[in-house]
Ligand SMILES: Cc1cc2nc3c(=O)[nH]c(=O)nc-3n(C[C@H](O)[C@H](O)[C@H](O)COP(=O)(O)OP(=O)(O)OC[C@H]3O[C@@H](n4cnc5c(N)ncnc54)[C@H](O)[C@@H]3O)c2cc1C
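First, one chain by itself in structure tokens, the form predicted on its own.
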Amino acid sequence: MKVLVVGAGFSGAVVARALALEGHEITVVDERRHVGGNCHTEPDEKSGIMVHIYGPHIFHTNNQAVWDYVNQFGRMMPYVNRVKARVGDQIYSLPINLHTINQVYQRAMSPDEAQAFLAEQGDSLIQTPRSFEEQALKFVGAKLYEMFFKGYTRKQWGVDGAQLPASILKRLPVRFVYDDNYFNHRFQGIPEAGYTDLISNILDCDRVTVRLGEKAEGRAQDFDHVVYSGPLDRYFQHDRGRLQYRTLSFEKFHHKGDFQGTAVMNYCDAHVPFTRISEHKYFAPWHTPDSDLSVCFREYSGHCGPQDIPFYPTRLLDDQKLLGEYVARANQEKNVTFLGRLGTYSYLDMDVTIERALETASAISANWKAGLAPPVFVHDP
């Protein structure tokens, strides 16, 4: 089977290799001039520091099989994401943990005392939270919500917390111990040589041809099947309207010495236009560049326009309705499988992206061998 894979990020690379190992002939096309998608890394010209061009990416998972998979293609170096937050002229630890709570309330509470105290701060009148804001008010109370979430959320998503689903807060844990590890996963790390090197190694496989700086439009007729990891609405030329995404822009600057003493500093106040500053030497402390320059990025979140790079699907109510229309259209397509964050309009971490790409390749091959049409969606959006 000849397969066209659209997109050379994790989704496209993993599905391409898996299908090639099953004996299929694969062509991977990406309109960017590098592999890796939004995980792309490259050395900074001035400082020599490995930079996450499209914002920080920390690999984290509890999936042993996925962890073993990525370690085949690049050495994963241990890395713990410890985020700090600036509110006014104070610096706090994130995610909210026992240190944060004691610092905010100027107390010295034990874990049990802090848990009971925070329960008193929560809004007991909210029985079933219907939004991100209600979820926060119920579980952490008004003060912590307004300090750490209200302004930041508005900047990040472009809407108030009352318009976002309650499920978003589940990604932001509250801990009643002195644990500032942002993630709660068994395996955490960053590729020693960067993500682009790792994904290039995944694509380095017999029967895989990679074409960069080229568009996929008009090529489908030359292949038996297409695996599409681009935006779902773009596949249909946005003819029902555009699904909404948030995009990111970055303001790069160099600093002689050390700028902030940590990899990521969130700026929670609404009047500060950027959401965070990342200092990239902290993402790869095993590198020792000759320069004493540090490279940093101010990160801004905004509405994704037609010429912007999509990062995060918003999945608000209007988006859900439009998504349903595009999914119905997709299910009528022949010989196309939609995959990945953009192809399924889903917020997926890197480990889930890899897991689903492997499952997708397995399902395509199994159906092909059985004489059946390959699946459109292995996982529903």
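Don't overthink the numbering: it's just position in the shown sequence, from 1. Model, not experiment: these values are computed from the prediction.
One more form of this protein should be noted, the form predicted in complex with the named molecule, which is absent from this view; the next part is about it.
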Handout entry: 4.5 angstroms heavy atom contact with the named molecule in the predicted complex for Phe311
Key = yes
Exercise for the section: Would you please decide whether Gly161 lies within 4.5 angstroms of the named molecule in the predicted complex, comparing each non-hydrogen atom pair? Expected result: no
Exercise for the section: Mark Leu322 yes when one of its heavy atoms lies within 4.5 Å of a heavy atom of the named molecule in the predicted complex, and no otherwise. Expected result: no
Practice task
Answer with yes or no whether Ala8 is in contact with the named molecule in the predicted complex, where contact means some heavy atom within 4.5 Å.
Solution key: yes
Exercise for the section: Report yes if all three of Gly37, Lys215 and Tyr347 come within 4.5 Å of the named molecule in the predicted complex by some heavy atom, otherwise no. Expected result: yes
Exercise for the section: Determine which one of 216-224, 202-210, 88-96, 144-152 lies within 4.5 Å of the named molecule in the predicted complex, judging by heavy atom distances; exactly one does. Expected result: 216-224
Handout entry: The single option of Arg234, Lys84, Arg298, Lys138 touching the named molecule in the predicted complex, heavy atom within 4.5 Å
Key = Arg234
Practice task
Taking only heavy atoms into account, state which residues of 353-378 are within 4.5 Å of the named molecule in the predicted complex, ordered by sequence.
Solution key: Thr353
